[in-house]
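Here we start with a single chain on its own, the form predicted alone, put down as structure tokens.
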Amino acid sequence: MSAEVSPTDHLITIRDLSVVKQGQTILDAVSLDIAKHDFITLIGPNGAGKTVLLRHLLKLETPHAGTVHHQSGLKIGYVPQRVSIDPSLPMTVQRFLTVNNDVTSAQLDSLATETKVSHLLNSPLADLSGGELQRVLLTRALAGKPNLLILDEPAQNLDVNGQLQFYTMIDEIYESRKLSVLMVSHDLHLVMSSTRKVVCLFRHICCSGAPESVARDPEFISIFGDDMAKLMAVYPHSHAHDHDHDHHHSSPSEES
């Protein structure tokens, strides 16, 4: 088992968070801790409530029941799944990164080097490829020097090579900045080397722990199937873990 984490090390503490919309239970008594230097990958099928959970983590929604507590002074950097850019918008990458952002030229140069977008600073934002735009969004998220980086399916629209490059960059940033990462991703087999903990959400938390323990969990297998479980199982993972198991089952629906 992993060492006990002091509550003072928790950046966000969620207890018994429940959300009901139009008579439908979206989240059912979800409890989750995000500690300093955590790397958590959140997985779950469409309709599992992942988006709603992220909105509560970002303080965009108020809990119907339960609590979401943020550590005092917590700074969150957020990378959305996608951003629609108006092709007629006359904005360069540099302008996008600096608007409403208190960042000096030297800081911007350092950030751009870290995320490999230096060559894009004078490019129109609307002309970027999917991979370039994701790196720019990551750059902006890091500009506020966050304690916690939240990424919502950040590589969904990238090819396999682009996904690998992006996840490698996230791992490097996680190690160099010593921040915490919470990432929603279906590409679990690609982030296995980085993630310390997997949380499987299906309105409630079905199971959580180190990737190899989750891959053996019957509820994980019932949701994602044997193929994903076997794919995860081939990756050795030495991190200590806690394992929560809730035997409640639900059926899929469209993403909330």
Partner chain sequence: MSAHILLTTLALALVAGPLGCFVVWRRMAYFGDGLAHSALLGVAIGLVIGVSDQIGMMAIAIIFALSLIWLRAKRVLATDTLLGILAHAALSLGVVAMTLLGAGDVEVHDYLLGSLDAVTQDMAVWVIAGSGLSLGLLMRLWPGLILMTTSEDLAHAEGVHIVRYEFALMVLMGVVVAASIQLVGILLITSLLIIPASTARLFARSPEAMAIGGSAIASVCMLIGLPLAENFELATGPVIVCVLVAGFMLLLMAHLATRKG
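Please read these numbers as outputs of a predicted model, since none were measured by experiment. Numbering follows the first chain given and starts at 1.
Only in words, not in the display: the form predicted together with the partner chain, which the text now covers.
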item: Partner-contacting position among His69, Arg55, His64, His37 - heavy atom within 4.5 Å of the partner chain in the predicted complex; value: Arg55
item: Option touching the partner chain, based on a heavy atom within 4.5 Å in the predicted complex, out of Leu125, Val117, Leu149, Leu158; value: Leu125
item: Proximity to the partner chain in the predicted complex (heavy atom, within 4.5 Å), stretch among 179-187, 166-174, 107-115, 88-96; value: 88-96
item: Partner proximity in the predicted complex: Arg135 to the partner chain, non-hydrogen atom cutoff 4.5 Å; value: no
item: Contact test in the predicted complex: Gly130 vs the partner chain, heavy atoms, 4.5 Å; value: no
item: 4.5 Å heavy atom contact, Gly162 to the partner chain in the predicted complex; value: no
item: All of Gln24, Ala29 and Gly47 with a heavy atom within 4.5 Å of the partner chain in the predicted complex; value: no
item: Residues of stretch 67-81 in contact with the partner chain in the predicted complex (4.5 Å, non-hydrogen atom); value: Tyr78, Pro80
